[in-house]
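Encoded as C-alpha cells, the following chain is the form predicted alone, with no partner shown.
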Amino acid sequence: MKNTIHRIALIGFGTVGQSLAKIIAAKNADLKQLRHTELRIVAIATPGKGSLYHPDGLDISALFTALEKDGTFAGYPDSAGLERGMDNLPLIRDTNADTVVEVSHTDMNSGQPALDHCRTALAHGKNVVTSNKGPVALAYADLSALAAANGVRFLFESTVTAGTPSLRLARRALAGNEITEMRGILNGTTNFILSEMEAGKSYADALAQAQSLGYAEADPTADVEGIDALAKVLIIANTVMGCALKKDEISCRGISHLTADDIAAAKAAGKRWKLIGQVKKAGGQTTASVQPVLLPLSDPLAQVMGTTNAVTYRTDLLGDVTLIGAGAGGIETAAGLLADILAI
C-alpha cells in the first residue's frame, strides 16, 4: 500500500511544538510501516525564532541544530525552495500544509492570536489541531461550523487533559450514552499543591515548590484561582455535553484561601480537598462550577494525587466512568496533538 504524506504547519515552536517535532522524528518510520502515513513538517512560524517553509518538508534534526546555536532558525541551511520570514497568516494560507497545528502563546480572555490562526486555516480548507484552550472555549460553535463548511476538521484533544483522551473518551468511546454530569480534577498545579499541603507543607511553600519544579508559572493566578480549570470545564460542557455555556455562567473559586488547618481538618475526618470542575444537567437545567470540594476517600477523584488529572463522566448506560492520566507536560500534550493528526 502506498504511503499517504500528511503535511503540517506548526504555529508556535515552544515546549509543545518542539515535543511534537521530536515525536514525529522518532515515530515516522513506525507510522509509515503500521499506518502507511508519513508526517512532514513543511512550515514553522514563531514570533522570536523566525519562520521557515519548504513544500517538501523541513529537516527536523537541522531545526534543532539551528536552535542550539542562537535560539533562532537563522542557522537552518538554505536549499532550493526554502522560504524564510513569512508572516503567520500568509504561512497558514499560502503553504501546502494539510493541517495547521496551532500551539502559539495565546491570551485566554480574547483567544488571540490563535483564534485568527484557526479561522484563517479553516477558511482556506486546512484542518486545525490545537492545544490552545482559548479558541475552543470562546468560539467552538463558530469554528466547528467553519470547518464543516470547508470540509475540514477542527480537533482539540490536548486542550483539556493533554494527551489523556478525556474528550475522545466521551465523544467516541461513550457514544450512545447520555452524559448527565462531569466532575474532574482538571489542573495539575492545584492538585500538586493540595497534595503537598496534605503532606505537611503550607500553601506558600507548596506553591513555591510547584514553581521551582515548573508546574506553576511565576504568576500562578490562572491555576490557583481556577481560571485554567474553568476554561476546561467550558470546553467539556460545550463540546461533550452540548450545553452552549459562556464563561460568565460558570461560578469559579480557586484554592488560595485554603489553609493548613483546613487540610488537617479534612484529613482527620477521612476526607480530602480537591479543586473540582463540574458540569451537571438535571431537569432541563445546566449548572457548572469550579471550586474546592471536600471529597470522601471512597471517591475515585480523592485518590488522584500530584500533577495527575482525572475526569468522571456519569452516564445512563454505564454509570460512572473515570479516566485518570497525565494532564500536562510537553510530551504529554504533544501526544494528544499526534492523536488528533492521526485521526484526520
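Nothing here was measured: the structure is a model prediction, and the numbers come from that model. All residue numbers refer to positions in the sequence shown, first residue = 1.
A second form of this protein, the form predicted in complex with a further copy of the same chain, is not displayed here; the remarks below concern that form.
Mapping the unseen interface onto this chain, Gly14 falls outside it, with no heavy atom inside 4.5 Å of a further copy of the same chain in the predicted complex. Proximity of Asn96 to a further copy of the same chain in the predicted complex falls outside the 4.5 Å heavy atom cutoff.
Contact check for Asp248: every heavy atom lies farther than 4.5 Å from a further copy of the same chain in the predicted complex. Using a 4.5 angstroms threshold between heavy atoms, Ala335 counts as touching a further copy of the same chain in the predicted complex. Comparing 104-112, 172-180, 226-234, 196-204 against a further copy of the same chain in the predicted complex, the single stretch with non-hydrogen atoms within 4.5 angstroms of it is 172-180. Contacts between stretch 196-221 and a further copy of the same chain, counted in the predicted complex as any heavy atom lying within 4.5 Å, involve no residue at all.
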